[in-house]
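Below sits a lone chain in structure tokens, taken as the form predicted alone.
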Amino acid sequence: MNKFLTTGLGAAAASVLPAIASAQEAAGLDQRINDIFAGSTGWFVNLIFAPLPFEVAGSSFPWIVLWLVVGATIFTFYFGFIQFKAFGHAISLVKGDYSDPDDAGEVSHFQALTTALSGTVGLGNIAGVAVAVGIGGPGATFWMILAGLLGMASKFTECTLGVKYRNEYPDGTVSGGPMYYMTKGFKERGLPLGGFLAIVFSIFTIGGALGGGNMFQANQAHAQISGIVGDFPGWITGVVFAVVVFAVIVGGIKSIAQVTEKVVPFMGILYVAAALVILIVEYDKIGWAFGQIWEGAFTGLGVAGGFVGALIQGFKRAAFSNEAGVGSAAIAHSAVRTKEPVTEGVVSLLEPFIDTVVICTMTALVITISGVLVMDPATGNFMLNEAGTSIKTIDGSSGVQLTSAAFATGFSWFPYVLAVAVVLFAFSTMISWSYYGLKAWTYLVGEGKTKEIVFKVIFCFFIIVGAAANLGAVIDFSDAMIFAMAVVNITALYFLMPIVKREMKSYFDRLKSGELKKFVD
């Protein structure tokens, strides 16, 4: 890694830093860029996140969230509640009980899981949950958990297809994901437009990777670091992240997996352990907190719009956090070593469970128990009470502030632990999304080392830009592109889910008959 600190990207980054610094100093440049970009792309952002044309109990519901939740519900029933039936087998697969090292692929089941998790476990688990609870009340947690459980079926569907239709190359590398099962799966079923859907999906993936997958992460990580150590230029944070990320991703999926299999468990355990300490200190309030969650889920517990408001906030946070149905995870899971596509579909069931049911719920419990929430009598919403004031507008930044204040109720130094978690979450998300963007890039322009390096350098350059600038419209646009991926992906899944059902039946019949046995080295 030290090699890359002094050569390669480090030298390239050093050559562009003066330009970035001078751009930062130019008065109003960020705002001008923001206005221009918003003017040309605002229609797309508004389209993806537009509310349904009707309100329920005074609350609006973004159609893209409904699209994700309905898809997850359909897959849950179609596959016979596979997320519950196969949960135990998923753990056995992650442990390596059925893994043959001679199977085609590049990473183990555990490495594929941690790589995909690193792309979903991020700032949404910290800031996003706080926003959901702050607006929707504790009851939002119940609906968030339900949506997470349903999303497990979406992951199963897309990741099974990702492995089944991946490309395997003579050098042992593989490429897979929605763009491949759209092309091959549609052709197999005699359906038109598979290639067109694959191209559209790839374009959305590249846009999402360059914005939401790195610029937003770098921007928020810098905000957290500067909040702890004091204000300093964002490009410094960007360069550090860019160099470290490049040093990891230049080695491909194997290098990424080797990092994520260490970072993801560490950051997950660190964050959950910190939350558990708070819960242990306030153990006498845990029963009360679950009561608040249950009551708020169905009565609203003072939330504007009643329980529908809690339901909407919970579903939104789960959908935006675990990305079930977006198709991104299928790209990571496609690299697994296996000859049975269903095995990786089963392993992927664990992602929404860990991301939403465990980590997001821990955040919600800490916020509820800590007592940092007060109700705004004017709106009926829960707000952060800090130094006698309340935040009237809850967004991503104040969401982090809310979570930080909740953790500080246990020990004053806990926000520092949270800052470390934020940096790790941002870093892991960036390296995973670099792989997602890369595979979409190579699908469009072709495979090849030179083509891959070009994308990786571009990706790391945008990390620097993201940390240095405040380009809100760019980030809004990239978020919209990520969820536009879900529109294309779930459409394809509806047409291809009979293939997954056939694969599922074959696999579990052979497993039950004893034809598939645990691998013995």
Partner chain sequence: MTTSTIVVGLDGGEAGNRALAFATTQAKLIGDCTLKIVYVIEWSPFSFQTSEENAERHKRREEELSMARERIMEPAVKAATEMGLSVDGIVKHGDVSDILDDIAKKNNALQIVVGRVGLRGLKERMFGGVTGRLAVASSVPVTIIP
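Positions refer to the first chain, counted from 1. Whichever C-alpha set is largest while still superposing within 1.5 Å between the two forms counts as the rigid core. Given the structure is predicted, the values throughout are model-derived calculations rather than measurements.
A second form of this protein, the form predicted together with its partner chain, is not displayed here; the remarks below concern that form.
Participant: Is it the case in the model of the complex that 103, 112 and 435 each bring at least one heavy atom within 4.5 Å of its partner chain?
Facilitator: All of them do, each having a heavy atom within 4.5 Å of the partner.
Participant: Name the stretch: of 435-443, 136-144, 412-420, 219-227, exactly one has residues whose heavy atoms fall within 4.5 Å of its partner chain in the model of the complex.
Facilitator: Stretch 435-443 is the one.
Participant: Even though the partner isn't displayed, in the model of the complex is residue 231 close enough to its partner chain, meaning a heavy atom within 4.5 Å?
Facilitator: Judged by the heavy-atom cut-off of 4.5 Å, residue 231 is well away from its partner chain in the model of the complex.
Participant: Is residue 285 close enough to its partner chain in the model of the complex to count, meaning some heavy atom within 4.5 Å?
Facilitator: Residue 285: no contact with its partner chain in the model of the complex.
Participant: So in the model of the complex, does residue 108 come within 4.5 Å of its partner chain, heavy atom to heavy atom?
Facilitator: Yes - in the model of the complex, heavy atoms of residue 108 and its partner chain come within 4.5 Å of each other.
Participant: Is there a non-hydrogen atom of residue 174 within 4.5 angstroms of a non-hydrogen atom of its partner chain in the model of the complex?
Facilitator: Close contact exists here: in the model of the complex, residue 174 approaches its partner chain to within 4.5 Å, heavy atoms only.
Participant: Quick check on this chain: which one of 371, 251, 265, 195 has a heavy atom within 4.5 Å of its partner chain in the model of the complex?
Facilitator: The residue in contact is 265.
Participant: Under a 4.5 angstroms heavy atom criterion, identify the one residue in 360, 335, 159, 319 near its partner chain in the model of the complex.
Facilitator: Of 360, 335, 159, 319, the residue with a heavy atom within 4.5 Å of its partner chain in the model of the complex is 335.
Participant: Is residue 188 among the residues whose Cα moves by 2 Å or more between this form and the one not shown after superposition of the rigid core?
Facilitator: Comparing the forms between this form and the one not shown, which are aligned on their rigid core, residue 188 does not shift its C-alpha by 2 Å or more.
Participant: How about residue 264 - superposed on the rigid core, does its CA move between this form and the one not shown by 2 Å or more?
Facilitator: Moves: yes, 2 Å or greater.
Participant: Align both forms on the core first, then report whether residue 47 has a C-alpha shift of 2 Å or more between this form and the one not shown.
Facilitator: No; residue 47 is a residue whose C-alpha shifts by less than 2 Å between this form and the one not shown when the cores are overlaid.
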